[in-house]
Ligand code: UD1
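As structure tokens, one chain now follows by itself in the form predicted alone.
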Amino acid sequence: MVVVAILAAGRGTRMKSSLPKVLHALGGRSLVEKVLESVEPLSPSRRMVIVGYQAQEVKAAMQLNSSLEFVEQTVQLGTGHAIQQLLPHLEGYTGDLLVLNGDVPLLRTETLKQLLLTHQQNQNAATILTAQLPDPKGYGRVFCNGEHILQQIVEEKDCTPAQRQNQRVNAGVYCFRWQDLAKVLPHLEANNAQKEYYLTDAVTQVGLVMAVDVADYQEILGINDRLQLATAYEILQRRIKEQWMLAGVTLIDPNSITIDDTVELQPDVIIEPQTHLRGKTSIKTGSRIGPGSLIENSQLGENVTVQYSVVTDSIVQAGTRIGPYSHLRGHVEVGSGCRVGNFVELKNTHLGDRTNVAHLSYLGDTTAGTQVNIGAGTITANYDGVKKHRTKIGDRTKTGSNSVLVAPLTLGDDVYVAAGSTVTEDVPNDSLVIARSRQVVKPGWRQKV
């Protein structure tokens, strides 16, 4: 049995932000959400987030996750003080406690599993995660014997020249036998310049402690400022893109592409340069996206093509072509075999199968049937200055170029709208509607000199 505690109480002053540090985004999730994601496969019995600075904002950001428990550290007096806040919440608990930092988002689940396995197989009082850094400057050093039994942790300023040659550092990730830790926590002292209670002091007092070296030291990199956030993003992007390429996705010029780790792709998807995939996006096999496109929180079916376009919060069915220079937003649904072409904007609109909106049109709050053809320059005038209204277009209806459909409006099936019409009244099935002024020609109009 394991309980997870995540330290998320700090302000993060070096971020220079009004947003709590742990809520800054990395690859589609906040830093603390990334940490929670890494522990999910461990099936912890409880997940506890220790909050402090802007606690209500942190709680609100994670309110959809009802299984989380929040523990407040009203005054931030160090990592040891943060874990002391768990004492009343874990009274009588006899399992293990895994302690993570909310600003260390690159840890892999496999690394945490190895830490837990080592801890439980050896019946350690504590097991700490360590890393061999190529440049450990600025980090405290961890010293172990040949069996990885912890001997001491020495802050860098206290290291001798010989000790500074040691490249093993503390990652700040711990697994404790809770009963042993609970005995030590009340007796921690703040005998340091910062007058804080350090969890590392507890590590040296609980009993047998082992160290586990992480295979990839980049996993333990923390986020303290925007530079480190950018570095972490580069590492995460490399992981994500390697994963998808090995899974059968083609990325043309990977360095110009970004993909959130919330995105799902199927084999034989092709992503062109300068394309960005965000949020809860899924793209099915055979689709070709880009170049120069943004897809966010959208689902694209098989064999969809998108060129130089923006698609957000939308669904596009199989075999549909989007772009170039289209914009789909606000819960658009496009059927199969459709064409949404040059300089077309769709908002809160549903298009039936094999419907075409080829160029220079705006459809807002519209429902169009199957095999509809929207002529160039057609717009739905959906806003009366106070409310939005819907337009309904029946199957096989066609609009001529430069038509205006003034909502609320219903066009039946097999309707033809003459070019240049402004339609304000409903039109029944199988009708031609002409709604424009009669052309007037006045010869000899040129002013006589």
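Take the two forms, superpose them, and find the largest set of C-alpha atoms that agree within 1.5 Å; that set is the rigid core. Position 1 is the first residue in the sequence shown; the rest follow in order. Just so it is clear, the structure is predicted and the values come from calculations on it, not from any experiment.
Form predicted in complex with this ligand: not shown, discussed below.
Undergrad: Could you tell me which of 354-362, 171-179, 269-277, 320-328 sits within 4.5 Å of this ligand in the predicted complex, going by non-hydrogen atoms?
TA: Single hit among the candidates: 171-179.
Undergrad: Please determine whether Ala5 contacts this ligand in the predicted complex, using a 4.5 Å cut-off between heavy atoms.
TA: No - in the predicted complex, heavy atoms of Ala5 and this ligand never come within 4.5 Å of each other.
Undergrad: With the partner left out here, check for me: in the predicted complex, does some heavy atom of Leu107 sit within 4.5 Å of this ligand?
TA: Output for Leu107 is no: heavy atoms all beyond 4.5 Å of this ligand.
Undergrad: Is Thr79 part of the interface with this ligand in the predicted complex - any heavy atom within 4.5 Å?
TA: Within the cut-off, so yes.
Undergrad: Should Glu155 be classed as touching this ligand in the predicted complex when contacts are defined as heavy atoms within 4.5 Å?
TA: Yes - in the predicted complex, heavy atoms of Glu155 and this ligand come within 4.5 Å of each other.
Undergrad: Could you work out which of Gly292, Gly140, Gly337, Gly377 is the residue within 4.5 angstroms of this ligand in the predicted complex, going by heavy atoms?
TA: For this set of options, the contacting one is Gly140.
Undergrad: Here the chain is shown alone; which of Gln114, Ser256, Gln371, Thr200 has a heavy atom within 4.5 Å of this ligand in the predicted complex?
TA: Checked against the cut-off, the match is Thr200.
Undergrad: Taking this ligand in the predicted complex, which residues along 91-120 bring a heavy atom to within 4.5 Å of it?
TA: Residues within 4.5 Å: Asn101, Gly102, Asp103, Val104.
Undergrad: Classify Thr285 as shifted (yes) or not shifted (no) between the shown form and the other one, where shifted means its C-alpha moves by 2 Å or more with the rigid core superposed.
TA: Thr285 C-alpha, core-superposed: shift of less than 2 Å.
Undergrad: For Ile153, is the CA shift between the shown form and the other one at least 2 Å following rigid-core superposition?
TA: Shift of 2 Å or more: yes.
Undergrad: Rigid core superposed, CA of Asn224 - does it shift 2 Å or more between the shown form and the other one?
TA: Where the cores coincide, Asn224 shows only a C-alpha shift between the shown form and the other one that is less than 2 Å.
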